[in-house]
Every structure is written in structure tokens, then in C-alpha cells.
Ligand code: ASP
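Below you will find one chain, with nothing else, as C-alpha cells; this is the form predicted alone, and questions on how it binds or moves follow later.
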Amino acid sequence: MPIALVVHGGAWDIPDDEVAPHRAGCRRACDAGWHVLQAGGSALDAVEAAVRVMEDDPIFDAGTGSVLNVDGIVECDAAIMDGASLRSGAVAAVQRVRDPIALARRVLASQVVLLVGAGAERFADAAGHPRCAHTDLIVPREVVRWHDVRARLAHQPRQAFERPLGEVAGRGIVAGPMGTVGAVALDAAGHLAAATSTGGTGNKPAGRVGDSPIVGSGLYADDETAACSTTGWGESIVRVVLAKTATDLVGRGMAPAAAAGAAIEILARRGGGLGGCILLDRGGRVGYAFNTPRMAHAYRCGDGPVVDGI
């Protein structure tokens, strides 16, 4: 069985001066996941390794470098799913957690599927998962963006100011990062896995949860069809259950490239949304699509080299 791995670093209007670091970060993440697969590791281990690289890279909106919520702090969501068992683990609205995907992996090994907020943080402490200070996750770039967004929204009606940035962007008021990171993998045993992690949308209300930790929306993996990770405006992605929609299209006989494109068309037409997805089927075929100006991504299949793009 050929091994394969695909990663993404967010779908949005990535600025020109951030293109190179986004591509480089995706390549590093792909390399990390590939080393796991090449050594005979599982798809689950590979997607966790790939996503952790991007969570620790301040260029991405996940872990360190995440956007700030309305209170000026970082709240993260993450999820991971095993295509063999259909088991998943997720955390949402967690604070002071440097590698939320690793915490989601701990949840996967527990008796629950999704933990949120203070409950997830209590679980992290009980499990011995490392915590950090709020400021450890904040980078100067996002502080500047946060102040800029709040200044622009101050001229909008109060109800617009209180909406998540993604929703405001969808209405054409203001644009900003809709970055999420993710990975899908196929291991030598023929098993698929998916992982997704995000800091969400800038200036979001405290406690807002998007698509990323929701199985079927932000990710899905099934050994019988495909694995998918999504990125973009979370509220619209949830409406069309984007990841499950994409993998179901593969299950109906579509090639991953065609299925990814069809899923993003559904996102735009039925969900009114912007975003992207990466897709990998049980034969190791890759697909990806996006309707934003750019989506950072990288992949590697079989004996081929790493391919990256944006």
C-alpha cells in the first residue's frame, strides 16, 4: 500500500509577504508527517506530527500565532480522527495550550469525543499535558491585526462588532485570516486519518467554536472512503458538513480532485461560504480545492517528491 500525506495551512487572502513562509511551513509539516509514515508509523501519528509542526510555527493561525478573540487572548480548537475505528477526539475554546492537537489525541484515547473550555483545560492538567501562559501564544502580527479589526469595526453597527470576523468577512465588511491547519494521511497498513487545528477567526466572541473540532465539518476520516480536513469560514462549513460531504462524494465514485471541487462548490452555493479542503482516498489519490484567493498546501505520495503550492 503506497503511503501518502497532504497538509494545508489555511485558505484566505494570504498576503504576498506571507506566501513564502506559509509554503515553507507546509513543507516542514509534510516532511514531519512523512518521516512518521516512512518509518512504518500510523496515519494517526503522522497527522498529529504534521499539525504540531504548524501549531508551533507562528505564521499559521493555530497554536502559537493564532488570532485573538474579542478579549485579546487566544482560544484554540483542534480535532483528530482515525479512519479505521471512526474514533475521534476534539477540544474547543481551550486557553493556554501550546499544542492543542496533542490534547485532542489524548481525548481520542479517552471515553469522550469532545471537551470544551474549562473542562478541556482541567482534562489537560489531569493528563499532564503541558500548559503555557496566554502571552506565549500571541505574536505581534496578530496584536496589530486585532487593533486594526477593532478600529474598523468600531464604525459598524454594534451587532456587527460582536460578530465573528469570519461572518463579518462573509458580508464583505472586513477581511482577515481564516487560517486553519490540517493534515490527512494514508499509512502502509491502508489506514486513513485526519487532523485539524485552529485559533479561529479574529475578534471572535469568547467561547465561539467553528468547524474545526466538529467531526464531519472540520475533518472526517473513513478507511472505506477518504480523509478530509477543511479550512475557511467555519460557520458556513458547518452548514454543509463539508468534510463528510467531500468524503461521501469519494464514496460515490468521484476521484478526490473532483470531489474536493464539488464540495467547495456546495460550500459556496448552499453554505454561502469561503474556504478550502484537502482530500485523500484509500488508494492514496490526492485532491484539494478552494474558493479563496490562496490556500497554502503541500503533499507527497509514494515515491514522489514533496509538492507545495498556494
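The structure displayed is predicted, hence computed values, not measured ones. Residue indices: 1-based, along the sequence shown.
Omitted here: the form predicted in complex with the ligand. The next part is about that form.
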Item to complete: May I ask whether Trp12, Arg208 and Gly234 all come within 4.5 angstroms of the ligand in the model of the complex, judged by heavy atoms?
Response: yes
Worksheet item: Is Gly200 close enough to touch the ligand in the model of the complex, meaning at least one heavy atom pair within 4.5 Å?
Response: yes
Worksheet item: Might Thr180 be said to contact the ligand in the model of the complex, defining contact as any heavy atom within 4.5 Å?
Response: yes
Worksheet item: At the 4.5 Å heavy atom threshold, is Ser212 in contact with the ligand in the model of the complex?
Response: yes
Response to the item:
Of 101-109, 83-91, 147-155, 226-234, the segment with heavy atoms within 4.5 Å of the ligand in the model of the complex is residues 226-234
